[in-house]
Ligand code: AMP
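One chain comes next, on its own, written as structure tokens: the form predicted alone.
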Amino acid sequence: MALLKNHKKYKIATIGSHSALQILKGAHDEGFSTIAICKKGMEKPYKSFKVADKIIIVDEYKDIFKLQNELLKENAILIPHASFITYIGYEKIETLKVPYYGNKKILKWESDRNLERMWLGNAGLKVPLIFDEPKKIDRPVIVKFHGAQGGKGYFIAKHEKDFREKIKPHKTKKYVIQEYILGVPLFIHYFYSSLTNELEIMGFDKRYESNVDSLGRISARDQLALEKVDPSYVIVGNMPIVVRESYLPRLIEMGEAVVNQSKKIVPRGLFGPFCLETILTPEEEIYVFEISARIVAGTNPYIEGSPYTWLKYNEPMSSGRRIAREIKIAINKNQLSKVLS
């Protein structure tokens, strides 16, 4: 795609899922035309909310490879999110010819929990203990599967026997056995600009998960009557959080450390939106258990901006709009190559 200097000659495109409403709305706010690529039957929200100027219906999301010539003619720029990565796969994404916002090379480090742990640990962040063998489990653990799957299949295990029983339906999946940390979950939304080298705090959220959150509303006595019901961590939605202001210096430093380390592991490093998924303990320790190297659904409550983006921009600024603004600035400064891969 030849680089053009007028941002209105480009279109912002994404898969119709996850945070697409926010991405497409943000693109409109910055003057871009938009394209939603939807599976048949999933297009209604994008029609209803009028965020997509064009909707392309596909049988499956991997059909995006059949659309590449069409998207190139539209001067489309693809914006990734978790569904995009899950349904297409990071290996396939690297082969896309359509311009892509962000660094494709970092996706491998996000998708492989062992590489992810190495990245976070080398950035100096506190991470939960990992058990490399089930027989070593000596405390409650949470078993997580590789990739962005919205918590699907995660389970708690108390010991090796408990693990062996619960892993049976998932034997073909790659997993990690992670120490279960008691504390408050906090998901930190960042944006790092590859144009200005500035890190921004975009907001915070916590997840609402089924059925673990509904179990928490039942008394311990009544939970005993549900002994055959295992907690599930499938994400239903996200709730906004405003953190104690005294935490902010540490949280900003954590984001900076992750970005600095990313530049050591892949050329150009991590840029654009990303999220650190953390637990804050009663002792005020902060454990980081995951990184999402792209926009997360926890930013969706902030389509009109968070308290933190209002402090900086004094106008509505979602993460989706911040992506579009970065692309627009890059186009106007003839620096589009700095934000695409």
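Don't overthink the numbering: it's just position in the shown sequence, from 1. The structure displayed is predicted, hence computed values, not measured ones.
The form predicted in complex with adenosine monophosphate (AMP) exists for this protein as well; it is not shown, and the discussion that follows is about that form.
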- Message: Taking adenosine monophosphate (AMP) as it sits in the model of the complex, is residue 187 near enough to touch it, meaning that at least one heavy atom pair lies within 4.5 angstroms?
- Response: yes
- Task: Verify the contact flag for residue 286: yes if a non-hydrogen atom of it lies within 4.5 Å of a non-hydrogen atom of adenosine monophosphate (AMP) in the model of the complex, no if not.
- Result: no
- Would residue 117 sit within 4.5 Å of adenosine monophosphate (AMP) in the model of the complex, counting heavy atoms only? no
- Query: For residue 105, is any heavy atom within 4.5 Å of adenosine monophosphate (AMP) in the model of the complex, or not?
  - Reply: no
- Quick one: which of 57 to 65, 35 to 43, 305 to 313, 288 to 296 gets within 4.5 Å of adenosine monophosphate (AMP) in the model of the complex, going by heavy atoms? 288 to 296
- Only one of 181, 137, 259, 125 has a non-hydrogen atom within 4.5 angstroms of adenosine monophosphate (AMP) in the model of the complex; which is it? 181
- Answer option from 241, 98, 142, 199, heavy atom within 4.5 Å of adenosine monophosphate (AMP) in the model of the complex: 142
